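The chain below stands alone, shown as structure tokens; this is the form predicted on its own.
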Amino acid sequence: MALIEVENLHKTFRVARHHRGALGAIRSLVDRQYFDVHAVDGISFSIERGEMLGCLGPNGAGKSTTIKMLTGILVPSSGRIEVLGFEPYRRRKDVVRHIGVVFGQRTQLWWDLPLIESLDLLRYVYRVPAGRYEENLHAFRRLLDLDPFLNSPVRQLSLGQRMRGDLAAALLHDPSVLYLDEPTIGLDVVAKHRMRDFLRTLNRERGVTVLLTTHDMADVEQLCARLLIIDHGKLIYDGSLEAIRDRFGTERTLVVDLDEQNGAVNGPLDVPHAREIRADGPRRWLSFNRADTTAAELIAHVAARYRLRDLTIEEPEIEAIIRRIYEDSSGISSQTL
């Protein structure tokens, strides 16, 4: 049985539309009309124990709403959710004992208390045995480098420090599942690198299942083998990063450095199944479709016609692929991969 099961999940919000008079004034409540917003519209997926997967989608796609239903914060309009065998909104106390949650824009730490006192308080909230709390705190102090600011009030911490504190707080009680909603938003490069290293270690050594929502494609590429892509409340892709490259990232680029010892090559390179899209002296960029030719075949054609010093293959950027999927989501079915 999967650790998390979601079947035909819906969440609809009823929103008021105000009517204004001739001079722009809002009329009385009697004249108010309502319409439905389908934030989540028939999503289904399952997550196995120990998986680390990314959930992508533009703003307003339904990612955060889905996370909140998985945690029990929101009640689904219809459909089925089970987390470790519990329905989160019905058995929230049972679910909370087994999950950790970090929202990038919010904190569960006490603003005016030193970080260590927040962690001590959360030990009692989660009823973590003293010995286990000390073991976890020792591990997180080392892995997240908490000691330099452990005794500082949370309000004095930088965003990166506060996020590391929130991660430690979310994991004190040894949860089986960790939900991360935009955990690297606003962080600098060093802070992002530290957080990704920690999450990899957490998943590898403790087997914690991680569901990550993010707009940072580097998070996905470095952490997640599987992607869920949500747009307009619908799941439009559920599969591996490699499969999404194969299907939608068909355009690749061969970068060659010409050996010009015997004279420069004038004009664009003439090679079957490729077109030169950029030139900078002896360096040329050749675009080709993997459906028309392989990289090995193209390299053989280029080497047969021109003297080369070096070459590399550039894969399409995952960000560009995801953008293309958003723009053409009507033709994509999550069942096709």
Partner chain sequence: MDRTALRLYFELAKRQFQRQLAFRTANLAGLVTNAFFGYIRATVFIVAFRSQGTIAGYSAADAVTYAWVTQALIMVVHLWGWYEVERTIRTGDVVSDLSKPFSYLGFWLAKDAGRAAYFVLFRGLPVLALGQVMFGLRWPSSPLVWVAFAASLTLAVVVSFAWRFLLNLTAFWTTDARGINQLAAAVVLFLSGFVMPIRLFPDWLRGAVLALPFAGMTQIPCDVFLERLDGADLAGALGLQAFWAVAFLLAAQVVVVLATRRVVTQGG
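Everything quoted here is computed from the prediction, not taken from an experiment. Residue numbers count along the first chain shown, from 1.
Quick note: we don't show the form predicted together with its partner chain, though the next part is all about it.
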Any non-hydrogen atom of T293 within 4.5 angstroms of its partner chain in the model of the complex = no
Given that the partner is absent here, does D238 sit within 4.5 Å of its partner chain in the model of the complex, heavy atoms only?
-> no
Is L121 close enough to touch its partner chain in the model of the complex, meaning at least one heavy atom pair within 4.5 Å?
-> yes
Partner proximity in the model of the complex: F198 to its partner chain, non-hydrogen atom cutoff 4.5 Å | no
Among 144-152, 67-75, 189-197, 157-165, which stretch has residues with heavy atoms no more than 4.5 Å from its partner chain in the model of the complex?
-> 67-75
Within 4.5 Å of its partner chain in the model of the complex, heavy atoms considered, which of E87, D246, E117, D259?
-> E117
Since exactly one of H215, R80, H232, R97 fits, which has a heavy atom within 4.5 Å of its partner chain in the model of the complex?
-> R97
